[in-house]
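One chain comes next, on its own, written as structure tokens: the form predicted on its own.
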Amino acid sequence: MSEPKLIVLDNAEALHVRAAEEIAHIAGEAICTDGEFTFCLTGGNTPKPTYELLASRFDHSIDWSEVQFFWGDERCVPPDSEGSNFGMAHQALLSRLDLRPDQVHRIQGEAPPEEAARSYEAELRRCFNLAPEALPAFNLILLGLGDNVHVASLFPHHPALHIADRLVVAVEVEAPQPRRVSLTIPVINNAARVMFIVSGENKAAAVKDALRGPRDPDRFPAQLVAPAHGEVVWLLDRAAARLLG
């Protein structure tokens, strides 16, 4: 397991450009090596400008016909809801690309949570052609960071942090849209690359807890993100990195 790589940019605009550059580079490398790029998206407000850049300035930098889109978590809302992670990505990125339906593997947020989790796990097993005990190996998983240091929809002190025999779980958390579906930590840690994209002064304390705080992953779930054979990159603007020293 290598140490996390920290990249600090001057401001949010520079952060999103660098994120898009990194994604384009990883995509090209994966397509050249594997014939496709398995790309796991994150939700929330932070990644939206990066997605918009990918669909505009970086549109011709990626062979989008060879990209398979997945999600790390979803709120249990319809896909056209304002709270839908799929909905945000569709508006900012997917709808602006010429994609086939079989390239987009969304979590069925409108279904009952347990049903959505089982369905998405089956979809992952099919897409990655997994043996019963195997884990999918994404080329890249994007993650944000919650104010409480949560990742995907894995919140502090939640039992789902310790689930090792599922790829996908239904959770209920103390947050807007409390019913959610999330990848589990073993899946995140089986990725070739995990990239955090974190912006803003309001995330500085969470960044410090994740990277410099005492080892307490039940309290700080982002500390669990440590791929045994992959790379973790933290892309931060100076506001988010201000407490790192």
Ligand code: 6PG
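Note that the structure is predicted; figures quoted are calculated from it, not measured. The numbering used is simple: start at 1 and walk along the sequence shown.
Omitted from view is the form predicted together with the ligand, to which the following refers.
In the predicted bound form, at least one heavy atom of Gly43 sits within 4.5 Å of a heavy atom of the ligand. The ligand is not drawn, but in the predicted bound form it has no heavy atom within 4.5 Å of Arg106.
Taking the partner from the other structure, the ligand in the predicted bound form has no heavy atom within 4.5 Å of any heavy atom of Arg193. The ligand in the predicted bound form comes within 4.5 Å of no heavy atom belonging to His158.
Contact with the ligand in the predicted bound form, judged as any non-hydrogen atom within 4.5 angstroms, is confined among 123-131, 89-97, 160-168, 140-148 to 140-148.
Residue Asn85 is the only member of 80-100 with a non-hydrogen atom no more than 4.5 angstroms from the ligand in the predicted bound form.
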